[in-house]
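This document starts with one chain, in the form predicted on its own, laid out as structure tokens.
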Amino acid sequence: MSDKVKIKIAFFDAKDYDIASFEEALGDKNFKIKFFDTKLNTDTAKLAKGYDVVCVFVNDTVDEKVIASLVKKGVKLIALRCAGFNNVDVRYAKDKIGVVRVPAYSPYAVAEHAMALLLTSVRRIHKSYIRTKDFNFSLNGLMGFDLHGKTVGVVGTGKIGRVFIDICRGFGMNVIAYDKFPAKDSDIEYVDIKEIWKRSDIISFHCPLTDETYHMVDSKSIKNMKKGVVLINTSRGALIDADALLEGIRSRHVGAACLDVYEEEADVFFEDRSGHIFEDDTLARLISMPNVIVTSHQAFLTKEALTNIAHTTLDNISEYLSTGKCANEVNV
């Protein structure tokens, strides 16, 4: 089959692991992918000229201007290779261009990473690792606490949230949860969000970023939490007001924070900034805190997840371009 009839995909913000997983998933499928290492934004949208589809990730900018530019260039579909779509102006896209996503690639990957962060934090694994590299085997300052018997509040009980709940139950933890749309026929104890703040020793976030959830953790909500609360965020950075979190840590009200996402991560995460002067003072101060662990949006990064992302993304593109509809289409 000639290249002329192949579906042409402009793939933005491509990393080595993206390229490897998508090339493996391609096989003899009817696609031709051009991988761009640059992110999609107003300036780079011109690269999509002549392509049928743009494939984007969480930190690509897909606002009204970008969408208008893509439509003008004949692009028919925006294919998100992630679950979240808060970076896409879906209202403006309606009836102009299709938007599809990968709603579930590996809930286990993200949930397990959340637990890994929690265990690392409360048992001081990261500190012990650094010490023993220098042959320092002192236990001073490494005391943690049992997870067994603690109350964990889970905000968002989609697939990832429910897997995380199962993991917590395996540790003997008491689980309470909040979700605007509770899972039907479940044995989950749902409570009001204020009860999450009030009762939880640990709070883990697994909900999407919307106007309603933006900065749901702010200075006011932190004051309503237990002193010493541990916060885990593997969902979207802007669920937490970073400046309020920093103040909560400095005041000793927040006992620890485990962050795989950050609200201003777009120009930082997924890149090597080790040789640059770091300009984000809030993130720099958070990272400097001894009770804060930051990973660079890597919770999704497992072999299984990358394989599922690649196959689902390509299936979404095939389904939408052949039928004009897709089960994973994002609707307003």
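Just count from 1 along the sequence shown to find any residue number. All figures in this text were calculated on a predicted structure; none of them were measured in a lab.
In what follows, reference is made to the form predicted in complex with a small molecule, a form of this protein that is not presented.
S.K.: Give a yes or no on whether every one of 180, 236 and 261 sits within 4.5 angstroms of the small molecule in the predicted complex by heavy atom.
M.R.: Yes.
S.K.: Would you mind picking out the stretch of 90-98, 143-151, 206-214, 224-232 that comes within 4.5 angstroms of the small molecule in the predicted complex, counting non-hydrogen atoms?
M.R.: Heavy atoms within 4.5 Å of the small molecule in the predicted complex occur in 206-214.
S.K.: Could you tell me which one of 80, 245, 110, 165 places a heavy atom within 4.5 Å of the small molecule in the predicted complex?
M.R.: Contact residue from the list: 110.
S.K.: What is the one choice in 123, 76, 253, 159 with a heavy atom within 4.5 Å of the small molecule in the predicted complex?
M.R.: For this set of options, the contacting one is 159.
S.K.: Does any heavy atom of residue 300 come within 4.5 Å of a heavy atom of the small molecule in the predicted complex?
M.R.: Within the cut-off, so yes.
S.K.: So in the predicted complex, is the small molecule close enough to residue 105 to count as touching (4.5 Å, heavy atoms)?
M.R.: Contact check for residue 105: yes, within 4.5 Å of the small molecule in the predicted complex.
S.K.: Might residue 155 be said to contact the small molecule in the predicted complex, defining contact as any heavy atom within 4.5 Å?
M.R.: Residue 155: contacts the small molecule in the predicted complex.
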